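Only one chain is included here, represented as structure tokens and corresponding to the form predicted on its own.
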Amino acid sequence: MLAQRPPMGWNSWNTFGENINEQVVRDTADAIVAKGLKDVGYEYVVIDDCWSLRQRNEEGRIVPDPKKFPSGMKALADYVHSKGLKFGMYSCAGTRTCAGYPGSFDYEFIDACTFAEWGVDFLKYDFCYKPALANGPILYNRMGMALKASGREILFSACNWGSDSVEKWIRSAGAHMYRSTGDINDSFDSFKNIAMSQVDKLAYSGPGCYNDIDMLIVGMRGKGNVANGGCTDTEYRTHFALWCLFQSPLMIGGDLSKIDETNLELLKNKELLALNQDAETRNPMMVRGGDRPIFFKHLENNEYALAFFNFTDRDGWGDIEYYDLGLTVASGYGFKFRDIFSGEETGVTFGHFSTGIKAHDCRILRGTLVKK
């Protein structure tokens, strides 16, 4: 079964937009291996919009742009596969893609067959230019069936931006992950607002079909197709921690040929990735909202995560009464936590826990229940 855990990989859109080509894809596949990203679970290399010619050929098939992809998609897929990685592509449920290239509306079975022949393992499926009378469920279900009929196992990444209450039906349409938000940009406010918009919808996400809160902006530094001022290292860490805690698919959006060591190590942080890839795949509960939200998450092996975030522009405090987690003093139990960034152990605490949190930062604790 595909997507037992949230899928991980890289997508071209955030950095390259329409300036995608086969050399970028080959170089990215090389970098995923050379920089140790494959070793920690990143496996999909996905081409987003703008890869084809503007018109289909006489047989009704989409044609890769020969200037951008002179070797063809089959050869490119073979190269990605030779690195032990998987190859992904993009299409759209409408008559055109968001950038105006041929969409798959009415051509779903032809396109799915074409993708399978090329060796595609992942399809991101957008939602622009759909006919007004065609609703999301029928369009995504149609492509879901087409992919299964293609004869190749292809992960189906639905991207309808949260339209039509997508979380309520997309699993039934055969998708393995689904975009539930508008597009991210490289700024603190963008990732904060996207994450918090999904708190009430996380319960729909789980094995086989995960809520995708968009590609990562980690390490982009205000460069690329979705540049908007960029983020600090602290903010990128908060962004990545949120995505991991929420068990979103992790699709790197930065240029791996230029990423700095700090953010490369963040993307490989095994403690955060363990939260994202936890075997129980349980979504966190929000214990407290507002600008300093607190989340609690059940993990495998009788462990738990307690996460504090500070979205304000000033340093502050996070404080939780264990009663708000359901743990009374009379129970005789407390928590013993370890800070996943510093490794510092908190000791056993009963009744409540307080911690300082710097502006735009977070503190993530992992631990167990301990009997008094």
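When you see a residue number, it is the position in the sequence shown, counting from 1. It should be emphasised that the depicted structure is a prediction, and the values quoted were computed from it without experimental measurement.
The form predicted in complex with alpha-D-galactopyranose exists for this protein as well; it is not shown, and the discussion that follows is about that form.
Listed stretches are 228-236, 90-98, 197-205, 254-262; the contact stretch with alpha-D-galactopyranose in the model of the complex is 90-98, by a heavy atom cutoff of 4.5 Å. Although the partner is absent from the chain shown here, none of Leu275, Lys297 and Glu303 has a heavy atom within 4.5 Å of alpha-D-galactopyranose in the model of the complex. Using a 4.5 angstroms limit between non-hydrogen atoms, Asp339 is distant from alpha-D-galactopyranose in the model of the complex. When alpha-D-galactopyranose is considered in the model of the complex, Met215 lines it closely, a heavy atom lying within 4.5 Å.
At the 4.5 Å threshold, heavy atoms of Asp121 stay clear of alpha-D-galactopyranose in the model of the complex, well away from it.
In the model of the complex, at least one heavy atom of Asp126 sits within 4.5 Å of a heavy atom of alpha-D-galactopyranose. Contact with alpha-D-galactopyranose in the model of the complex, defined as a heavy atom within 4.5 Å, holds for exactly one of Cys159, Ala112, Leu245, Val166, namely Cys159.
Residue in contact with alpha-D-galactopyranose in the model of the complex (any heavy atom within 4.5 Å), chosen from Asp65, Asp30, Glu43, Asp49: Asp49. With contact defined as any non-hydrogen atom lying within 4.5 angstroms of alpha-D-galactopyranose in the model of the complex, the contacting residues in 178-207 are Arg179, Asp183, given in sequence order.
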